[in-house]
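First, one chain by itself in structure tokens, the form predicted on its own.
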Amino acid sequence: MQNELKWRGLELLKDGAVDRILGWRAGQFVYDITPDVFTDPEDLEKNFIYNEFCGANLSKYLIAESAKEGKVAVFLKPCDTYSFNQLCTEHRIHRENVYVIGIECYGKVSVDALRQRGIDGITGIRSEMGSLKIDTIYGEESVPAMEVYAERCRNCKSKKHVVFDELIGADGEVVDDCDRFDMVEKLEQMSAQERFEFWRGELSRCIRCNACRNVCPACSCEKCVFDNPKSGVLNKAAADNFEENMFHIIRAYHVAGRCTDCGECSRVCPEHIPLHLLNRKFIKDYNELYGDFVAGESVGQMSPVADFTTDRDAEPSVVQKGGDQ
């Protein structure tokens, strides 16, 4: 599919239909992929890449790109389109300046998962009938694709695009039987002390690099409270256990009802903290309290906590104005 995407991007640039292409740039290594903007056809032809390592969600980069003059084309995988719609709902993307090219996706590979299997020195990768053929400096390796896909891909919620102007490849379906809440349920079954110890063990590794915040499409404030020197919580190394917990819990509450479960926070965490589990807990609670709700499923859709009605209140015993229950 890489060549098909590249040639379509070249057509759009050369025809003047768009001024730039938001895609993935090849790095020093085959798995070293960087989201980037291409304005020169020659640069696109030489350095654009799309392979099993292109897991980055490009929707957040459109906040800045869509605010510029001219039109930008972007390649969005099915899960990315939910983030795109959510950002449009929040008026963070100038929709008229974006040409969305939906691309099919059936999973992206975790480099860490490959390394855990002892596969290193990777020079190439290709899919072949449910398996991955991986070229290394030591020879070829073959592994079942599902065993080395990123967690979010193993538990993919949807292979269907919720928005596109053009589609390359086939569109899939919403995955009704995914197991993405299994670990959340396992945590819920723990005692309060066991859950506390689990999260202390995970969050104690946090180095406050802010990678999770910076990559998250739902974290799009122009000025983050953790960057404000007058807030008392300016970004810094945590002084104690409370501060280690506070950053991630506050961030999880901030994106509640807006998180599309794209998994970017866990993907970029250098300490491999399963941050997506905090967000999934809120998603699961939303579904149980208010009925099924999918952030980003459509533009303009309001989160249940932002669209209050007495008949859907999670606490019906709370007395409203006028005495109504």
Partner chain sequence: MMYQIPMESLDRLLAAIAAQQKLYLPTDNTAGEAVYTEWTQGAALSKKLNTLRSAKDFFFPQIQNMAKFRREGKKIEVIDDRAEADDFCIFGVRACDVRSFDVLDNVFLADPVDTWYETRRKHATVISLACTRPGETCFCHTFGIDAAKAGGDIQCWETKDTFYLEPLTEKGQALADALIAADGELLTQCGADQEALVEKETERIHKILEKLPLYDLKAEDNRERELELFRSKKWKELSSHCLGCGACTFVCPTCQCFDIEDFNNGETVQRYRCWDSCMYHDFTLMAAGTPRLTQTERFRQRFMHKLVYYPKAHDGLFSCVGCGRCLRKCPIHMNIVKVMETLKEEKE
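Only a predicted model underlies this, so the values are computations on that prediction, with no experimental measurement involved. By rigid core we mean the largest C-alpha set that fits within 1.5 Å across both forms. Residue numbers count along the first chain shown, from 1.
Another form exists, predicted together with the partner chain; not displayed. Remarks below refer to it.
**Asked** Check Gly27, Val37 and Gln116: does every one of them have a heavy atom within 4.5 Å of the partner chain in the predicted complex?
**Response** Yes, all three are in contact.
**Contact label in the predicted complex: Tyr50 to the partner chain, heavy atom within 4.5 Å** = Tyr50 lies outside the contact set for the partner chain.
**Message:** Taking any heavy atom pair closer than or equal to 4.5 Å as contact, tell me whether Ile33 reaches the partner chain in the predicted complex.
**Reply:** Yes - in the predicted complex, heavy atoms of Ile33 and the partner chain come within 4.5 Å of each other.
**Request:** Examine Gly70 and determine whether its closest non-hydrogen atom to the partner chain in the predicted complex is within 4.5 angstroms.
**Result:** Gly70 lies outside the contact set for the partner chain.
**Asked** Quick one: is Pro270 in contact with the partner chain in the predicted complex, heavy atoms, 4.5 Å cut-off?
**Response** Heavy-atom contact with the partner chain at 4.5 Å: present for Pro270.
**Asked** Where does the partner chain sit in the predicted complex: which of 161-169, 118-126, 74-82, 97-105, heavy atoms within 4.5 Å?
**Response** Stretch with heavy atoms near the partner: 118-126.
**Request:** Using heavy atoms only and a 4.5 Å cut-off, determine which of Met146, Cys178, Met190, Ile137 is in contact with the partner chain in the predicted complex.
**Result:** After the contact test, the surviving option is Ile137.
**in the predicted complex, the residue from Val215, Met183, Val174, Ala150 that sits within 4.5 Å of the partner chain by heavy atoms** = Checking each option against the partner chain in the predicted complex, the one that comes within 4.5 Å is Val215.
**Item:** Partner contacts for 209-227, taking the partner chain in the predicted complex and a 4.5 Å heavy atom cut-off
**Value:** Contacts from 209-227: Cys209, Asn210, Ala211, Asn214, Val215, Lys223, Asp227.
**Message:** Given a superposition on the rigid core, I'd like a yes or no on whether Ile125 shifts its C-alpha by 2 Å or more between the shown form and the other one.
**Reply:** Shift of 2 Å or more: yes.
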